[in-house]
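Only one chain comes next, encoded as structure tokens, the form predicted alone.
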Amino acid sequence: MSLYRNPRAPMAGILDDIEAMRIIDRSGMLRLTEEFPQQCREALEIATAFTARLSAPQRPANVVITGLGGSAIGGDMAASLAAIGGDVPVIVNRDYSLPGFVGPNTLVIASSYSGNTEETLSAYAQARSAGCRMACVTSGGELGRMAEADGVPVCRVPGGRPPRASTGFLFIPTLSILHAHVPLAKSCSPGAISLALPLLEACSVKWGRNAPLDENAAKQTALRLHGRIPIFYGTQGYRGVLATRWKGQFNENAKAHAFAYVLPEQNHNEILGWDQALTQAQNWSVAYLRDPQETDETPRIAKRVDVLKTVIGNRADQMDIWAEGSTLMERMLSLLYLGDFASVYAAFLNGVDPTAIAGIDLLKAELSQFPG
């Protein structure tokens, strides 16, 4: 990516000022981001030991992964891999209630990093009532307590960090539990993660705080999006999942509005929204999350991107963001990782602490006093 000079970003120099970033980053979100490869390595060890203790898992008819926010995105990633390398339907549930079809032949994986997510606790109770097969991924909390009391297998992961900075601890055990019940293709299995770790470690260096702006794609992406309304378009499959992830990371870390959608569905509705885009705002920016193999594997998707760029024209700044790596797992994890870094740098450009979540904290406090 060439260095883009965004006239809306007068504070670009902060991204090479390590002390200034440290002062803003009071809780160390950048450090947690840089440590993601180590987190994935630890998560693999935890997940491998946990699944080895499962007693002859039976093959389910369907799988529901239930969770919210950072705890759900790992489910989305696992489900996208299962759609490619598995033969059992896997869906992600983000609600108090589970779908009506769940029953004794359903595997429900309840994922809550804190263990206290009220929607997930409600779904867990419903799964128990429906007689579902179950497993949990959590650092503890009420979910851990309930599961242990009920004899439900619990994969415990280290706690004490924001869920959005715990994706390795949430995604890898979820994928491992799924793979133990529904064997996945090698390219989609937990084993592929270990092979992707060297690339992630290299990305941690080249996108980390010590890599200067003119050599750092994550810093450049944050700078290009600064002061604009980002729209992340995923070009099918796991890129659609990661468009949602990028959106959520910019919302939570940078405290900024962002939006996400996936092709080809975008071409059937939202594409027409660009007709009036400039009457609504003057500062849109579109980032296409792409896979380097899509031109050969899905040429019609690649063509759709080309045409969409023409339709949008000068109504928005537009850029391609490419996954890196030779394997599917490398490409998915590298594209996830780039967005995590970019969102933290976007927070620094906005002058906000990426860890703070005042609005979410207020909502939880109010709900805790609400009956029912």
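Please read these numbers as outputs of a predicted model, since none were measured by experiment. Numbers for residues come from their place in the sequence shown, where the first is 1.
There is another form of this protein, the form predicted together with a small molecule, and it is not shown here; the text below is about that form.
Engineer: What I'd like checked is whether Ser80, Gly237 and Met329 together line the small molecule in the model of the complex, meaning each has a non-hydrogen atom within 4.5 Å of it.
Structural biologist: Spot residues vs the small molecule: no contact at all.
Engineer: Only one of these stretches, 148 to 156, 291 to 299, 223 to 231, 161 to 169, has heavy atoms within 4.5 Å of the small molecule in the model of the complex; which one is it?
Structural biologist: Flagged stretch: 161 to 169.
Engineer: Using a 4.5 Å heavy atom cut-off, which residue among Ser114, Ser285, Asn216, Asn93 comes into contact with the small molecule in the model of the complex?
Structural biologist: Selected residue: Ser114.
Engineer: Could you work out which of Val64, Leu32, Ile321, Leu68 is the residue within 4.5 angstroms of the small molecule in the model of the complex, going by heavy atoms?
Structural biologist: Looking at the other structure, the residue within range turns out to be Leu68.
Engineer: Is there a heavy atom of Leu363 no more than 4.5 Å from a heavy atom of the small molecule in the model of the complex?
Structural biologist: Because no heavy atom of Leu363 falls inside 4.5 Å of the small molecule in the model of the complex, the answer is no.
Engineer: Is there a non-hydrogen atom of Ile24 within 4.5 angstroms of a non-hydrogen atom of the small molecule in the model of the complex?
Structural biologist: Outside the cut-off, so no.
Engineer: Using the partner position in the model of the complex, report whether Asp76 sits within 4.5 Å of the small molecule, counting heavy atoms only.
Structural biologist: Asp76: no contact with the small molecule in the model of the complex.
Engineer: I'd like to know whether Ile357 contacts the small molecule in the model of the complex, with contact meaning heavy atoms within 4.5 angstroms.
Structural biologist: Result yes; Ile357 sits at the interface with the small molecule in the model of the complex.
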